[in-house]
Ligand SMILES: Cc1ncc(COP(=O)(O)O)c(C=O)c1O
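The chain that follows stands alone, in the form predicted on its own, written as structure tokens.
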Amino acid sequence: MSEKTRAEQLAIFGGTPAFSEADSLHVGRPNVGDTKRLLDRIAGAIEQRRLTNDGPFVRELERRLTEILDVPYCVAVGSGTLGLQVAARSLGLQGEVIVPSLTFVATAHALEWMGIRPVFGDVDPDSLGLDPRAAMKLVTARTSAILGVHLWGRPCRVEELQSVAADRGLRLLLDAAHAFACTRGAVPIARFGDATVFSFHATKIVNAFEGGAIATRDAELAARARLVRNFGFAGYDEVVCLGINGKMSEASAAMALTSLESLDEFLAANRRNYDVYREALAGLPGVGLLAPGTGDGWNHHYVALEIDPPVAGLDRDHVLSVLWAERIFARRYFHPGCHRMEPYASREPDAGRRLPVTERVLARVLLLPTGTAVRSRDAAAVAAIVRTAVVHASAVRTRLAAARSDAAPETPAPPST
């Protein structure tokens, strides 16, 4: 693949796309691991006719997770969203919960679905996690908890959020959907708060096809979560509380175990691609990669590019259009923000006025493809296209404006990953 350095080589000017349809790049292409090992595990589950209901693979996974996350209790669940709901129910949350809008909408929906109102707080400009000062100002008599998010694997300010929660008598729940294998300083991320919820969705660094886990140091909370995830059953015919079917299947646990066995490989691929992007984009005006906090451990699973329009000469959406034309399906995570989605937008249409940092980030950040499906040369090609677009910013702006006025063909939608 030859590197594109001239404007006329870009696909928006009629050049051949950098990638074919078959080889197109996507954010969140699943890591797979050892397929034979996975299929052997699933075949064993089928042979034993043990497919769900707290089977041996689920129990093995929970044991492995306690070791890796350095917590005494892990409760496997059917998805990260279910994990948030089971944890919220087990913690007795109600009324209102303070949460950032700069997150996947499932964070807010998990609460709203249970009749708990998410109250959106702004993020701080460094961690891009919930700003503890903003959270403190939003606490009312109806607040039962703070829900922090470790966005793109970068730890939020957990120590300060814990202090706010303790001072106000609130629970602290943490959404670590992006943060498996991450640390705050040298401390594993699951050791903060009342509970931390992980996602093992297919797009995550460790996946279970679909799945999640609740990690906690609280024995009573873990016991309640086990009841809630299984309809409230405490015995064969004994239901002791309201519950739901939040269980993880044996097939999903088999995938998660197989994925864990390749975790070092996945981490290495992420770090390799991140380093390629970082080096290739170094010094490019108005363009930078978000980095982990000093001393924090990071899985590098999300490569977030920040575009400063006045300096770069292009805005984030210009760069997105250039990349999509090359069949590089970068993503605007998490545009346009939970507060601009329903049902929240109708309920509080002016929420953006008190979320200035959130609004700025949502307009400037673009996630680039990475993971084991992306080779070093692919990452280098993506970076070269971004660099060429910025170097020729004026011509790119003019071309894209003309394409819009000429009713350019509809941009293809990326796969649902």
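Note that residue numbering follows the sequence shown and begins at 1. Here the structure is a predicted model, which is why all the values come from computation and not from measurement.
Just so it is clear, the following notes concern the form predicted in complex with this ligand, a form of the same protein that is not shown.
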Using 4.5 Å between non-hydrogen atoms, is residue 80 touching this ligand in the predicted complex? yes
Determine whether any heavy atom of residue 100 comes within 4.5 Å of a heavy atom of this ligand in the predicted complex, and answer yes or no. no
Would you check, heavy atoms only and a 4.5 Å threshold, whether residue 201 touches this ligand in the predicted complex? yes
Can any non-hydrogen atom of residue 84 be found within 4.5 angstroms of this ligand in the predicted complex? yes
This ligand: the contacting residue among 119, 111, 177, 256 in the predicted complex [heavy atom, 4.5 Å]: 177
As a check of understanding, the residue in 149, 206, 319, 228 with any heavy atom within 4.5 Å of this ligand in the predicted complex should be identified as 149
Thinking of this ligand in the predicted complex, which stretch from 186 to 194, 135 to 143, 169 to 177, 88 to 96 has heavy atoms inside 4.5 Å of it? 169 to 177
Could you list the residues in 83 to 119 that come within 4.5 Å of this ligand in the predicted complex, counting only heavy atoms and keeping sequence order? 84, 103, 104, 106, 107
